[in-house]
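The chain below stands alone and is given in structure tokens; this is the form predicted on its own.
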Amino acid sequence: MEPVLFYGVPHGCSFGSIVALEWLGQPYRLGRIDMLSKPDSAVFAKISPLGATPALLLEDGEPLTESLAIMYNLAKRDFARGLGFSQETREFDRLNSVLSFLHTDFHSAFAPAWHAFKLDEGAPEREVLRATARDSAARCYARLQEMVDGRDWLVGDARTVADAYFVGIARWGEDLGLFDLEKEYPRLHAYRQKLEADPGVIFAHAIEDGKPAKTSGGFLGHVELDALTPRLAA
């Protein structure tokens, strides 16, 4: 039984988990969750008690939540792919540091702007929230630009799950109208554009947008929540 990744739309951080699954190349399925409507589903509540994505239903029916945990789970499935490293290595420590930074500081920096996004245009606190987000995210973008200066990837000599997670959330600065990455962080912009040309990233965009998507990995199709009831019961 292949794992099932539940991803959120629009533009969720679960994007990176789709990319990582494509890079892994092993069989998997996807479940689509509209995060704006927050599905009232007893099945999804068992998989993700807080209703958050990504959530990964493992082969044995056990759910796994939180991007950090999911990325490590995917990386360890085949170390020969180079998406992660054995825990006793120095490379693992660096990957752990970078992923933790992305999952905490960088991800949370945008929280005020996402809150502002849901407010009416004329709401007085809207611009304050956007300014707060820009200040926090700017420090993170600057740090990330330092990380890729003179390097091809965030960690090590090849792409890892850190690069997959990065490409899913780095877009938020422009999605929310806070930054022009090409002008403000040109080296980081070039690194992101390299990732955007990757077949796994192109696939993940098509999946998010509900367009025809050509897998270069092991994608076996989408599943409906109700169809997973027997698997959860087991």
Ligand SMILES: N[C@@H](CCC(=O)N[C@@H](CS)C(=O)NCC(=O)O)C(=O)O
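Numbers follow the displayed sequence, beginning with 1. Here the structure is a predicted model, which is why all the values come from computation and not from measurement.
Missing here is the form predicted together with the ligand; even so, the following discussion is about that form.
The stretch from 174-182, 196-204, 64-72, 23-31 that comes within 4.5 Å of the ligand in the predicted complex, counting heavy atoms only, is 64-72. By the criterion of a heavy atom within 4.5 Å, H107 is counted among the residues contacting the ligand in the predicted complex.
In the predicted complex, C13 approaches the ligand with a heavy atom inside 4.5 Å.
Contact check for R159: every heavy atom lies farther than 4.5 Å from the ligand in the predicted complex. Heavy atoms of L58 never reach within 4.5 Å of the ligand in the predicted complex, leaving it off the interface. Contact annotation for 24-49: residues with any non-hydrogen atom within 4.5 angstroms of the ligand in the predicted complex are M35, K38, listed in sequence order.
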